[in-house]
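Starting off, we have a lone chain in the form predicted on its own, written out as structure tokens.
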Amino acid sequence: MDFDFSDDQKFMKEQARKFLKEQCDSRVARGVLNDPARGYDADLWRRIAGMGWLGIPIAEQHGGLGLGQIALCAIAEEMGRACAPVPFASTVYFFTQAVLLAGSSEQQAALLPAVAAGDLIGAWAVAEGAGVAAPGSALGCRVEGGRLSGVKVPVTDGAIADRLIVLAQEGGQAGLYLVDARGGGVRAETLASLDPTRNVARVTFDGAPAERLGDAGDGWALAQAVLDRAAVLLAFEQVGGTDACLEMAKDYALNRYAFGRVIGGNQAIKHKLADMYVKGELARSNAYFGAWALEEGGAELPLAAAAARIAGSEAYWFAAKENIQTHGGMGFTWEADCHLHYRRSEQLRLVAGAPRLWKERLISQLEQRNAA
């Protein structure tokens, strides 16, 4: 097996990096950070749609590019490097993957072309406050007679979404349901968060029309399958963010003088950079394994997704923290860009479940494999 991108994918990745460097420097993220009510950068979102990235995993018959999951992983890495303030993850990693996985042919035909064109922002609504949602636990959101009631919080990009996929209970069984976020019976309230460049909302449903996605009773299994797919893609964003932090720290260390010498010559700084590099390469290796498993769609995906999720979360958080430390007293200031990646590293650690949850899943997968 070849754990690397193809030449075409590498070229697409290089073009994506060039595009985002020109269109999404830190001023774009700061624009949303300074005005959280915007929720995201709409101009950047339209440009990304114009590049066709939203349709990478979508078949051509539905207006996409049909390039597959590995190509999407390549773009995800560059999105993470740029710390882009757009609902790319919510729409493509969660919403689109759920529709591809469980949507009927009619649902796919109705939703996927709008996603590929950039006309539909999707969001994933599973959490119901603090704690871990797991099979067997009661769900507060319930569907009766095709109407959804309850509260989901936090919902990433919930206040800017056009469609929501909601995990809810109907007749004692959990299921995934499509809900029009702009329709009646849906109210979204933006919440304060550590990373305002990604909208976070409390979404309240009061008799909102809901359409089931997939078969009745398959909610938990489908939700975990979507999370496994999203975990790999998020891991690539985290790898890209880790690389960006390492580059920022290295460039600063080679240009900042203290006591007549560059601080990069100090052993303590060298150790920081080396540790960032090692964790980043470990995360990259696990992400590549995850990309292979995601493309193949085999039994290895749950294990690979958990490993990629854990390594990516640890690497990005560590690199963001050490980048601030390398910059010294100015590292935590508003004017420095270090905090942009620190905020995003924390957001990505939680958006698909905390690392503790994925460590438990990794152990479970290893135990199952060893028992086989």
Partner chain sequence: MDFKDSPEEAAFRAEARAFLAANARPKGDGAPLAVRSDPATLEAAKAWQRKKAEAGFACITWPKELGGRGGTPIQQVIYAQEEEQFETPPNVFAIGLGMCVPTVMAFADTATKQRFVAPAVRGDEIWCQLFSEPAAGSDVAGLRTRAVRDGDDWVVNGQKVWTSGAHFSDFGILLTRTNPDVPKHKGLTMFWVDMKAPGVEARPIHQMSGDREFNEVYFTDVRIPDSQRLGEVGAGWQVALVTLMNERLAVGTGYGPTPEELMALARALDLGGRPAMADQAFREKLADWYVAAQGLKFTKFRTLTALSRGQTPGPEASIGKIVSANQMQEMSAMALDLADQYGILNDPAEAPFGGLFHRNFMFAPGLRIAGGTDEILRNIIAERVLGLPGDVRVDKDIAFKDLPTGR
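Values in this document were obtained by computation on a predicted structure and should not be read as measured data. Residue numbers count along the first chain shown, from 1.
A second form of this protein, the form predicted in complex with the partner chain, is not displayed here; the remarks below concern that form.
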| query | finding |
| --- | --- |
| Partner contact for G50 in the model of the complex: the partner chain, 4.5 angstroms, heavy atom | no |
| Heavy atom of K18 within 4.5 Å of the partner chain in the model of the complex | no |
| K321 within 4.5 Å of the partner chain in the model of the complex, heavy atoms | yes |
| Close approach of N266 to the partner chain in the model of the complex, 4.5 Å, heavy atom | yes |
| Non-hydrogen atom within 4.5 angstroms of the partner chain in the model of the complex for each of L191, L194 and N255 | yes |
| Partner-proximal stretch of 340-348, 38-46, 60-68, 299-307 relative to the partner chain in the model of the complex, 4.5 angstroms, heavy atom | 340-348 |
| Any residue of 319-333 that, in the model of the complex, places a heavy atom within 4.5 Å of the partner chain | K321, E322, I324, Q325, G328, G329, M330, G331, F332, T333 |
